[in-house]
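Okay, here we've got a single chain as structure tokens, the form predicted alone, with questions on binding and movement later.
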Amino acid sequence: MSALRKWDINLLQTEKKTLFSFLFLYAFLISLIAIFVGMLYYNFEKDLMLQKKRIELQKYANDLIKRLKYLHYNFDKDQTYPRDKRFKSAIYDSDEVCIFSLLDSKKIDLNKIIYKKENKIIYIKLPEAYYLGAMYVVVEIEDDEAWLKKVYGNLIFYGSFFLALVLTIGYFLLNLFLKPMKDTIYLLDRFIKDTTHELNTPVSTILANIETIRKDDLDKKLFNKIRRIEVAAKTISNLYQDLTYLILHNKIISKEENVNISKLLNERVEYFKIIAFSKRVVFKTDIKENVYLFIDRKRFSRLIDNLLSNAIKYNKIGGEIIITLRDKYLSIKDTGIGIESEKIKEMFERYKRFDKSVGGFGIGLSIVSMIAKEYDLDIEIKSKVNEGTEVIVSWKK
């Protein structure tokens, strides 16, 4: 099993975000350092190249000055500006106005001695006298940029090696730092798996036995006791189903089919009525008949169960749950405590709970999000504090 696969198993979504955010920031900072070092190396190599070219250009400039001197004293005999195949040149007066130019470069910085401009190397020299009125003699040659190709090659090779090295070191350092957290998460998952396994048999037994009781023959006090036991057992059963899904969802084989959502929704509402009754919460339904969706029945049932469970759990005493089903969407709206708009994005994070007075592990909406992503369902949440929350599940097909 690869290291990344181990991370995927041992880390929750939030921890994985932390891991990759750290690696991104680490890589970004290292990249900045690498770019800074690369720029220093580039400038060093450029300066080294210019120093080597300066000797050559200085010789060209001296040759040009000699020819300008000759032309200056023999201007009446020869008025042709000197030219040379090895370089191009120009002369400027003391006001930095061009007297004559053969240069390809149009704008010259006369305050420098030697510099590179695009693919040209330019050298400026002050002659000992103003021959032909020239205070500045400028020599220009082509830069073959062989040095630049060498610089780029070294930067790519050594830069890639350096980045790979520091990222590897960063990964193993982070792995070392996160080990205590991973161990804790592993123990928590192990505890949840063991607890879930032990819950199944007694809860199933309780619910099966309750179904066999003839409630019409019971007196009111005993009936209420049995009802409370049934509510508790169904709550535990629902939690068991959630935990099982979280632990085994990658191993559960999907069985997609055309599911009658209308029928399934009515069944799940009927199942949760006894739990809602314990808080005196009333269901109001507007369910269109024979709405079908191609999906795994058990997974969509999990989605509905968690939305209904949350609508009951976070509702007020004597509240309502309004359920609307149409061809392309399902809406479940409660009249409960609501939530601040800025916290809505956090609702799908696993183990995220906004009201600690309400039971649960904070995994319900995480499961809803997982199922929605798996089947390309859109989830929209609208909520106002002290007014309620509406969850809209929509699909295209």
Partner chain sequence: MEKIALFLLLSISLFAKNLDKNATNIYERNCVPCHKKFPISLEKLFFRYLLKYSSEKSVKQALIDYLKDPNYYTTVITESNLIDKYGLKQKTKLTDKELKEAIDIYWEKYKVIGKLK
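Residue numbers count along the first chain shown, from 1. Everything quoted here is computed from the prediction, not taken from an experiment.
The following text describes the form predicted together with its partner chain, which does not appear among the structures shown.
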{"item": "Proximity to its partner chain in the model of the complex (heavy atom, within 4.5 Å), stretch among 270 to 278, 291 to 299, 115 to 123, 92 to 100", "value": "92 to 100"}
{"item": "K313, I322 and K384 all contacting its partner chain in the model of the complex, non-hydrogen atom within 4.5 Å", "value": "no"}
{"item": "Answer option from H72, R228, K182, K150, heavy atom within 4.5 Å of its partner chain in the model of the complex", "value": "H72"}
{"item": "Partner-contacting position among R83, K255, K221, K284 - heavy atom within 4.5 Å of its partner chain in the model of the complex", "value": "R83"}
{"item": "I169 within 4.5 Å of its partner chain in the model of the complex, heavy atoms", "value": "no"}
{"item": "Its partner chain contact in the model of the complex: E211, any heavy atom under 4.5 Å", "value": "no"}
{"item": "In the model of the complex, Y245 touching its partner chain (heavy atom, 4.5 Å)", "value": "no"}
{"item": "Its partner chain contact in the model of the complex: Q79, any heavy atom under 4.5 Å", "value": "yes"}
